[in-house]
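One chain is shown next in structure tokens, namely the form predicted alone.
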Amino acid sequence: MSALRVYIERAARTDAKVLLFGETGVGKEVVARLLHAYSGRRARAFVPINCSGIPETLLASELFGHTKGSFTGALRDKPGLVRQANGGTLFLDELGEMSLAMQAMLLRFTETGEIQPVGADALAARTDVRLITATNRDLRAQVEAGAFREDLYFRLNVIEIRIPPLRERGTDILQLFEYYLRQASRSHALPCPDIADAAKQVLCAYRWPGNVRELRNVTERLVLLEIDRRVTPDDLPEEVRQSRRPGTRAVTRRRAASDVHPRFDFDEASEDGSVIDSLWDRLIQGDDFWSAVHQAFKAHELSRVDLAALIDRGLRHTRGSYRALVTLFNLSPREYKRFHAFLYAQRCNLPVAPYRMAGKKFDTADKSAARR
């Protein structure tokens, strides 16, 4: 991370475009803000935008602005974020989620600096913006698949910075954990808990698929529990504790799933569960079902039993909702029928009744606890 900071400082000296790679939650926006803070543009605006958080139909308007009456609801002219960032830095996060049509518009902007607001008949004035983009996807693979423009990829990838996942950062895990504990303690005006050495070992052994974002959530949860002693491994969330016992997640999952779906012998799944756990982690980090799971299945790296076990895990998470599962697996609602058709063809379309019944039991237990 020290070497990364030095590289950030060097990259900040120029106005060259920067492309940030890293898993979900590693701190790509933190790096982007550092690039801006170390640059000669630090006195001007830093404007971030999440490309996946805005519907495709509105993204062009948000970026490039629109004219009054250009579409329903356009009651006045809007300058757009690019013009707001003029003289400063524009940060486009989740670049890999951008449609091909939007990529074409962004390419034109990167080449000339000129923008054309939605509904305008002519180009607006040229802007001076330092462009930083970020993604958790493999853009080269998307280029090969035809999902990302090759010319735009090379236009944006002048300086490439890869941010390592938290699991590769050694004792940084403990430093960040203690930092966010203190921050959560101040925020909620509660005592800051002390972490026992055994719990620290568990924290370092955990893979942290959600990276720093997940770590921060765990620290806040511990502070809110108001533990009046040293935090032990048993106080940590279940998914973190299971890192102490290799294979526990897989064995528990196979046993429970086999009870619900006797036609599957989940003991035939990957013995240590590493394949399924790895795919699950990729999905949590932002990879979509087709690239992470479907490709592995077609390449015979994943068995039908493995696929069913993964679907079982997802349905337990969504309490039997296939539509929520589509979102969990980073697919658009439009892909629901294709997703379900694939599962049906592989006879992995698991019935939802057992999951919904389990959800009702959880809800009843929660309500009873609340009344007590």
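We number the residues from 1 along the sequence you see. Just so it is clear, the structure is predicted and the values come from calculations on it, not from any experiment.
Another form exists, predicted together with a small molecule; not displayed. Remarks below refer to it.
Asks: Within 4.5 Å, heavy atoms only, which of Arg213, Arg230, Arg182, Arg140 is in contact with the small molecule in the predicted bound form?
Replies: Of the candidates Arg213, Arg230, Arg182, Arg140, Arg213 is the one lying within 4.5 Å of the small molecule in the predicted bound form.
Asks: Out of Asp93, Asp288, Glu220, Asp281, which one falls within 4.5 Å of the small molecule in the predicted bound form, going by heavy atoms?
Replies: After the contact test, the surviving option is Asp93.
Asks: Taking 4.5 angstroms as the heavy atom distance cut-off, pick the stretch from 174-182, 297-305, 76-84, 154-162 that is near the small molecule in the predicted bound form.
Replies: Answer to the contact question: 174-182.
Asks: Is there a heavy atom of Glu29 no more than 4.5 Å from a heavy atom of the small molecule in the predicted bound form?
Replies: Judged by the heavy-atom cut-off of 4.5 Å, Glu29 is in contact with the small molecule in the predicted bound form.
Asks: Does Thr24 reach the small molecule in the predicted bound form, with heavy atoms at most 4.5 Å apart?
Replies: Looking in the predicted bound form, residue contacts with the small molecule include Thr24, since a heavy atom lies within 4.5 Å.
Asks: Even though the small molecule is not shown here, does Asn136 get within 4.5 Å of it in the predicted bound form, heavy atoms only?
Replies: Yes, Asn136 lies within 4.5 Å of the small molecule in the predicted bound form.
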